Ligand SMILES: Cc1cc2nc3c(=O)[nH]c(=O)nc-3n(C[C@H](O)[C@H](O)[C@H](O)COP(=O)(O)OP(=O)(O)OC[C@H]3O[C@@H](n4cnc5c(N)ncnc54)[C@H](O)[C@@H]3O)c2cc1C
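As a starting point, one isolated chain is supplied in structure tokens, in the form predicted on its own.
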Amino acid sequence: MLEIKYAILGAGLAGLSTAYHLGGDCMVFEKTDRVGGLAYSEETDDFILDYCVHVLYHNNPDIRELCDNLLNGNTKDHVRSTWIYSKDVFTQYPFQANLYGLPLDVVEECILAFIDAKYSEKKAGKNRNFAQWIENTFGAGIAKHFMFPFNEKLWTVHPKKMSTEWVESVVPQPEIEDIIDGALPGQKRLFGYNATFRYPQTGGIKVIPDTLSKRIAPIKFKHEAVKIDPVKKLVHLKNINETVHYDVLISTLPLKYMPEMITGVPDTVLSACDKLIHNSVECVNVAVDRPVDMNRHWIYYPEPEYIFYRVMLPHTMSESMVPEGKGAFSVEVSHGNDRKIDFPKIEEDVIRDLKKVHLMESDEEPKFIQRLSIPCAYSIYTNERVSSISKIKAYLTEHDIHSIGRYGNWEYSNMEKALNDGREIADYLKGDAG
């Protein structure tokens, strides 16, 4: 039996950061044969392709310093160039601040409805769900032409089924003068939390977890936790039929599912887990035997006739991502809950729709296709989410189990937040030990 002070489940960014900041007395157990979780890049035929969009933007000076240290100059700074394809035209992101280029009747509808929402006293303060927040904030026009279809496609549930505690920090909210300016040519202002970002010059996003993993104790790969005894403080590992005794357990596993492996977990906790919902995402990377002549980091597709909600162009992150004279598309398709797709035909439908939106030629065949299934992709914010998380975490903390990271916290968050979660839990635990 292994005796470990701090056992860490998962070698994604949060787990690696925890081990790094603890500095010792810990061990990371990872069920796969690699680090990084979803912050991962696949190398094939000199292509380096990420699974879904991952970029670095910093609000935390400590994490920026850590990333500077890890990347050691291997960075490229970007001013975000993101676009929306709808009504057969491209407009800049965010939709609500960049109406120029859309059909005039759509522009008029969006502006008039925005003004009505802005100055309608009867709507003030009545945001019981995300759908109402959208209509009260942007008006029925922007809701109809972008916010409703895009969010329903991404989250796989209608916005009326979602809560609002997350929107203020994520969804850009331009003022009326911004809406008017964005309906005219020449809009230059950038909106959103990732208006500027960094990305590795070489190696793809996996450079960050790969480098971080080399600065901690050896990771136990193919060690999958399958049962936890919270009283005896034991973790049973499936792949090697071994048991670990811990003093403190740090889990980065999805909060909805991790309690299922705990022996004696109360029914109230399992009931709280049942109330947490998520979507699933298929990332389909499509390589082509020609350069892609488009200088846009990624493009959003709100309309239901296209299977994907976002397409990223890897060469715009770094020219090293694709071989000279070649190109690629990283395509994201969400499904689950209320959004049903023809699952066996996903790759075929992705190619079909890449051709429909003119990213691929009508007679073009892909050089190769990579596919990664993400069964638990985006945690969906519902009205029951906060109380459910509170019940689950109260039980876990009582038994010296700390759940952190994007999925351990069951939240919509970024790479910096995952790295900082590891730093914060390590500081807390070292403080307790002292």
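Residue numbers run from 1 along the displayed sequence. All of these numbers come straight from a predicted model, not from anything done at the bench.
One more form of this protein, predicted together with this ligand, exists but is not displayed; see below.
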Notebook entry, point to check: Out of Ile63, Leu70, Ile48, Ala377, which one falls within 4.5 Å of this ligand in the predicted complex, going by heavy atoms?
Noted result: Ala377
Item checked: Contact residue in the predicted complex, from Ile401, Ile389, Met27, Val55 (heavy atom within 4.5 Å of this ligand) -> Val55
Next item on the list: Please check if Ala418 has a heavy atom lying within 4.5 Å of any heavy atom of this ligand in the predicted complex.
Entry: yes
Note to self: Under a 4.5 Å heavy atom criterion, is Leu22 part of the interface with this ligand in the predicted complex?
What the structure shows: no
Notebook entry, point to check: Heavy atom to heavy atom, is Leu38 within 4.5 Å of this ligand in the predicted complex?
Noted result: yes
Note to self: Taking this ligand as it sits in the predicted complex, is Glu109 near enough to touch it, meaning that at least one heavy atom pair lies within 4.5 angstroms?
What the structure shows: no
Margin query: Counting only non-hydrogen atoms and a 4.5 Å threshold, tell me whether Gly15, His223 and Leu253 all contact this ligand in the predicted complex.
Written below: yes
Check: If contact means any heavy atom within 4.5 Å, which of 168-176, 303-311, 110-118, 155-163 contacts this ligand in the predicted complex?
Finding: 303-311
